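First comes one chain, alone, set out as structure tokens in the form predicted on its own.
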Amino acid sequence: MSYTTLTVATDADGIALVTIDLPGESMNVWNEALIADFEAFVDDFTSNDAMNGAVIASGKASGFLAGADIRMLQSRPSEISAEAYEATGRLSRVLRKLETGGHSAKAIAKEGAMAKPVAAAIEGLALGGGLELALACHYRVVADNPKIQLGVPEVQIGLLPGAGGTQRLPRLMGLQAAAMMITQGQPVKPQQAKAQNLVHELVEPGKAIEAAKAWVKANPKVLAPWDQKGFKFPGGAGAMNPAAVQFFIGGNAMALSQSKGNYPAIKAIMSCLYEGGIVPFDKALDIEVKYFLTLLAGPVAKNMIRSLFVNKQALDKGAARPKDVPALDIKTVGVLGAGLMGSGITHVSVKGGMDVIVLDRSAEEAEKAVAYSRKIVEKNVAKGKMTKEAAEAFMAKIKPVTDYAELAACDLVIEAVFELPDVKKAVIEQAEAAMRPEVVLASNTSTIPIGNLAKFSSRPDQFIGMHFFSPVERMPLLEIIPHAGTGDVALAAAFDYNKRIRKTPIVVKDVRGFYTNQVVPPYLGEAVHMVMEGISPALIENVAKNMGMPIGPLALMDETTLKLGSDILKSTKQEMGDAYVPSGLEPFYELMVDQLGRSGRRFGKGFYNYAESGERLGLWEGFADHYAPADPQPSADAVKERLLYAQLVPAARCYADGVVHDPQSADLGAIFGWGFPPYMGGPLAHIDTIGADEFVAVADRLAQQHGHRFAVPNMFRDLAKDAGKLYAKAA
């Protein structure tokens, strides 16, 4: 029998070596072709007397099997039907047939072990459906390589393991450990997998197939543990056990506290664990497929798959990089300014394999970047994530200097000094005087238009904006901002540098605040408006977190400091002059920053009170002395609506104005830039989900109630009239 995605070679002992190797793909995934081939192999294997057993392996150096092809999942219809159920459960049924040898539960109960032995030989990562394939094998051999990852990450795109993962994992490792693994989606390394009973044997790299064949040869007929009479979950704690009842009570509460009820996959996983534990195994697999299908047909999974996987992959590959510019070899980066941002940029540059020359006005200031990285690497050493030798080599790549002449050695220079035009002007002029003529200079400004700063440059075509987010080493987004005169070499340099530091890049239009800082301030400002209206700060914070924001808007303002918000308002007013339009927030900042000194966490007090250690103690209770509490207070839904639309409307405006050129960039910029709830897929994906007509109607009502800041652009009114979709339009 011939296959296109795998090969089968049977040795003299009748052991079939099945090597999965998808042609033209860098990684093995379950796609329609592999599922069809594997189903045909299983049919042949279970009926062919010439095969006495099988070893499943990979022909890819990249890993064993990485799960389902996301493109295949995307193509599935958004409906729940008998046909959809059959298609969705196909892989699960194939793996079960491999496991049982095609024998029924009744026959197994009567005759016992009848299936031919199948072992998995894993030399690389096995994730999602890849691990589920391994779990359906009777024996699992894994190379003892700490770089190998084994896990079920489906929850990260709004799904659950749909080919037996929610049923085999708890029967191997116990309910609690399985629940943590499946709901968190975090992989484990081989040693941990062995300790948790997920794999049977660890071997030297390159020896997995040999060990797997030896086991198959020694075990002519086998039976999965859960098919054996009297099988019990590890520790005896099956779903009906009193200990398991306590787990489900606590586990469901913990899951709800983490997900806030926004991620249906979490609830579905817990349901699979419970329901699957009180029915026969084959019925449990059916239950899992039904929950998987329900999630796949819903909006959350579709939005998360599109935004967090498909769109992210496209942007990460640098789709907007100029194609005709040769790749730039960036070995040494110059960083101007060793403050918080400059130190973070220094760290990620070294992590990306580059040397860094970090310059500041004094040796003491420049050394701050060294101290910043040293603190991080010392923590990594203490946690066993880095050796002392690697830490020393890392730190040796940072050179703090005060002399601009040192920049002559740099292949790219990034400016990260104070947000003051005069300061940036002086730094840009001195840097360019020392830099080689062909080297690009980038600015990390967060609000000042790049074109305004390019006026200070003697070579504006080699000047570009690269807006990082704080803390740089943790935040995954990079805004790349070409001004009107930026050349292709500068744009290519930004992408080539980003490829080294591995962030998700979006190209945005050169306007004040770019994209994220055109949306975040209105969102934070809405929270301030509500405080000024006497709405409870605790209500605002709790609603935001329950909506899915990683931190409440008031706490976020404390982190970034109210002083920064005040400074931005003042500098914007100064730059815009008579064209400046008051936001209504000026009196609040004057009160909090100028009069009360409540400027944020760094200053010891803001919306919250703080201990000397910086620990957040609780919301300040003095707001009532300045803003009379509203009576009655608005509902949580009303507060949520304002906080949500304070993000949706400016994001829509940015798209309509061409600040972001496609919905993908707008959505990923929101999720990775300020923590917009991933389950919504991003602000524009959420507008598609609720419908443009609903979006316009709600925004119009809010504009009538609260002002022009909720006014939607005409593009979305036209979209509502046509019942159109942004992603359909983009496609």
Partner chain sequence: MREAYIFDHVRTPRGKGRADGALHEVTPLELSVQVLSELRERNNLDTALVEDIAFGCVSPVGEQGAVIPRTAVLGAGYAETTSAIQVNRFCGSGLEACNIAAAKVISGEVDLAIGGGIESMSRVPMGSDGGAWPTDPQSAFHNYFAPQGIGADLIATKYGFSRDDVDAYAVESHKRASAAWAEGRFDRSVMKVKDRLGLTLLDKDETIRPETDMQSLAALKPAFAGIGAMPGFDAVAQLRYPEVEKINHVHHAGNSSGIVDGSAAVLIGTKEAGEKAGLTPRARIRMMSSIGSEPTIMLTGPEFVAKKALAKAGMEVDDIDLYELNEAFAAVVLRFMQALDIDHGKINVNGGAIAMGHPLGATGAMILGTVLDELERSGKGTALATLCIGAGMGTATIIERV
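This structure is a prediction, so every number in the text was calculated from the model and none was measured. Positions refer to the first chain, counted from 1.
Only in words, not in the display: the form predicted in complex with its partner chain, which the text now covers.
- With the partner omitted here, the stretch from 246 to 254, 559 to 567, 518 to 526, 322 to 330 that lies within 4.5 Å of its partner chain by heavy atoms in the model of the complex is 246 to 254.
- Proximity to its partner chain in the model of the complex, defined as a heavy atom within 4.5 Å, holds among 310, 596, 636, 433 only for 636.
- Among the residues 452, 546, 78, 402, the one placing a heavy atom within 4.5 Å of its partner chain in the model of the complex is 546.
- Contact check for 266, 536 and 608: all three have a heavy atom within 4.5 Å of its partner chain in the model of the complex.
- Residue 260 belongs to the set of residues with a heavy atom inside 4.5 Å of its partner chain in the model of the complex.
- In the model of the complex, no heavy atom of residue 411 sits within 4.5 Å of its partner chain.
- Residue contact check for residue 270: one or more of its heavy atoms lie within 4.5 Å of its partner chain in the model of the complex.
- Under a 4.5 angstroms non-hydrogen atom cutoff, its partner chain in the model of the complex has residue 240 among its neighbouring residues.
- Although its partner chain is not shown here, in the model of the complex the stretch 270 to 294 places heavy atoms of 270, 271, 274, 275, 291 within 4.5 Å of it, in sequence order.
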